[in-house]
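Okay, so we've got a single protein chain in two different forms coming up as structure tokens, structure 1 first and structure 2 after it.
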Structure 1
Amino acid sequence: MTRRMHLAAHFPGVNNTTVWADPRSRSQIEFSSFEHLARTAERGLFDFFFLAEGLRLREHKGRVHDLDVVGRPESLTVLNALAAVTDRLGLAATVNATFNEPYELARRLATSDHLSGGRAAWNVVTSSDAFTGENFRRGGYLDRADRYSRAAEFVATARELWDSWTPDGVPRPFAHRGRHFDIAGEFGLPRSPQGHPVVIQAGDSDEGREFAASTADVVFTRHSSLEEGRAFSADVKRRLARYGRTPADLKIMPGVGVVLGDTAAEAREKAAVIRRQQTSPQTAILTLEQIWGVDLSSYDPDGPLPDIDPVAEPSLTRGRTRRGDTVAIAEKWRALSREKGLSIRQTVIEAGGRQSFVGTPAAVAAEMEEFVRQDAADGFILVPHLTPGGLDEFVDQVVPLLQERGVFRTEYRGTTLRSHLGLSEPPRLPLSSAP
């Protein structure tokens, strides 16, 4: 039997892949932009629409980062509004488990699931720095193990709350006492239309993978080449058995870009233009500064890489995921630059390349199918570089080909996100102990 793939749409925004300078680029904040992209995704019969979250504006050299898109609306509120202008599309919100409380967030998510008729999803992220914490009451910082232990208890607690009403709609008292939370009372809402909102995980550490295996329905990953995807997928799915789960219970969905052309050469050319747009001269220098950890503003983006070594613990940039061993990265980049004779900007473009499907619609459809067939992914989260029209071509040109190949749905069978993803409704937890 052919495997069906799942597709989701990422609203492009606060990241260096969004090309805001393109004349077709519209508002990153007005509702009309979200509406256009969500309607396009639903027209393409996508599984869900995805919003990222950041709770502190990124800073570079002590000032707000100003080169990429800055600012976005709050996820759940936008998605609730989108529920009014879509019928079937799943609506996935990234919401931090470190800077929220289970009762309140479980209630907001359950409300969304009720209001959308069972289309809500929650991408559980944990944030990694005290920098973000400066915006919150609970403040501060939890190290990675504690963040994931809190996140796991958070999701477990939310599930207790979601299941706390009896099947005939009577609220029952709950009491949860654990390492992170000690709460009791009655939850505000009956079980929601798909049982529980779908849980998504996006984090790559060992703790993150374990959390995904134990808890998530979907993993959003950056491992998007065929080989990396196969390895990642195998690793995460191998962990499932430990939790009594099977590979079908967890969908792995890398984020990918797609560039289409009438010929392969045209598509490659377009992709090169986009990569240049994504990496302005200023962005190239800034990217380098993030790795080197020192001011490089006097360097020429069209000149060679600096031959000084990076500082070990760069702190110029805050609010962005760490890049790992910066000395090693710098070494690699310098080698790349020497070998191919690349300038700073060209090196950043070359080294920062993300996996994209680049080609004719037919070639892209075939390649996407290959990924799924080879267990490198269960589907894809498309990250267009343009707002809000960045999915129009894909939906018009690639989706029909995927349908012809029999690897993508031709209609929504069910009404809930779980039904699109082929996930069963979670069994009701046994009614919890009264306080």
Structure 2
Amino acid sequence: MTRRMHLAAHFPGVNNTTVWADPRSRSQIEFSSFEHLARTAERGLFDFFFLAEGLRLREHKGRVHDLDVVGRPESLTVLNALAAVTDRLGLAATVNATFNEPYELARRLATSDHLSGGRAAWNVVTSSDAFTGENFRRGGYLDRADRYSRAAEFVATARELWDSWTPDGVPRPFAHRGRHFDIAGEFGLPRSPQGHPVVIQAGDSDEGREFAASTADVVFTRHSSLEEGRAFSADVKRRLARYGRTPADLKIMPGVGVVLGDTAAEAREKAAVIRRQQTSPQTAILTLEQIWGVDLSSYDPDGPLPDIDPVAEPSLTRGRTRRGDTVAIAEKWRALSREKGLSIRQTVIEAGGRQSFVGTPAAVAAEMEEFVRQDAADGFILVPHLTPGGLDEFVDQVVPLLQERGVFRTEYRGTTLRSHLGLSEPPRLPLSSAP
């Protein structure tokens, strides 16, 4: 039986994905931009539209990051507006589980699910960032392990709230006593059309994989090759059994880019131009400074990588920061540079690129199908390089070929996001969960 592919659209905004120098690029904050991409995604019968989130403008070397200056609107507000101009497209909001509270967020997500007729999704993210925490009255941040345990209890509590009304639509008294939350009262809304909004998890760490296996309906990940995708998929889906779940309960959807051309050579040339536009000389040095943690402005972007090691506690960038062993990353990048004879800018381009499908529409359709057929993914979250028209070519030229190959839907057969993803409505928690 042919496996069906799932597709979603990521709205590009802050970060250097969007080629802002392209005359076709428009605002990342005006509603018309969100509407254009969402309508295109729905015309292409995509599963959902995905919005990222940022809770504080990043700073680099004491200045607000250039790409953050124009700001990022609040996700759920934008998606609730999009619910009014779309009919079937799922609407996925990134909302932080470290700096919100379960009752309030469960209410906002349930409201979105009711307003959209069952199309809401929550991308659960956490933060260990004290700089971002300064924006909140509670302040501070959580250690890595604590933020995941808080997120797990947060999601479980939200699900209890969503199920707290009886099947007859009567609110029941609710009480939750846990390590992170101690709340009681009555929830303000009946169960929403999907039962629970779809839960998405983004991240690739061991803690993130475990959280996804125990909790998520969809994983938004990032892998640069078929083999890496297969290994990730096998690992995460193997973990499901310990939580009484099956591989069908979790969809793995890496973020990918797509560049099309009339010939393979033309597509490769376009992709190379786009990557150089996305990674200017200044961006290459900034990216390097985020890893090395020191001022590298004296280095030539077209020259070799620094021979010094990264500092132990970098402080140049405040806000979203790179994680992991920076010394190991530096060594990996040096090895890549030596092997291929790459400059700083070329190394950043080579090392930083996400999985991209580059070629003619027919070749791209075939390669995407191969990823799904070989269990490297259940589908893809497309991250276009143009805001907001970056999906137009894909929807017009690749979607029809996927449909001809029988790997993508030709119509929406359900009305909820869960129905698009082939996910069943979660069973209602037993009444004994109530006090």
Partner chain sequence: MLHLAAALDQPSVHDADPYVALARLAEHGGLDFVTLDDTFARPGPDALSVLSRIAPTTGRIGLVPTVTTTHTEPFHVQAAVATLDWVSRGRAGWRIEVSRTEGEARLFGRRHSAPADALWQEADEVADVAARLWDSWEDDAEIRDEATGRFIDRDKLHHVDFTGSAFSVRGPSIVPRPPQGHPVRVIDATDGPARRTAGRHADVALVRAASSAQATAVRDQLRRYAAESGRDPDELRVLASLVVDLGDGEYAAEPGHGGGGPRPTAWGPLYRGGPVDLAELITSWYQEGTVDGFHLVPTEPRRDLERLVNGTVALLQHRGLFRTFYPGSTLREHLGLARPANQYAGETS
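Quick note, the numbers are simply positions in structure 1, starting from 1. By rigid core we mean the largest C-alpha set that fits within 1.5 Å across both forms. No experiment lies behind these values; they were computed from the predicted model shown.
Inset, instruction - Return 1 or 2 according to which structure is the form predicted on its own. - result: Between the two, the form predicted on its own is shown as structure 2, not structure 1.
Legend entry - Threshold 2 Å Cα movement between structures 1 and 2 at Asp68, rigid core reference: Indeed, Asp68 is displaced by 2 Å or more.
Inset, instruction - Would you tell me if Pro304 moves between structures 1 and 2 by 2 Å or more at its C-alpha, with the rigid core held superposed? - result: The answer is yes, as the C-alpha of Pro304 shifts between structures 1 and 2 by 2 Å or more after core alignment.
Legend entry - Residue shift check between structures 1 and 2, rigid core fit, Gly169 Cα at least 2 Å: Comparing forms between structures 1 and 2, the Gly169 CA shifts below 2 Å.
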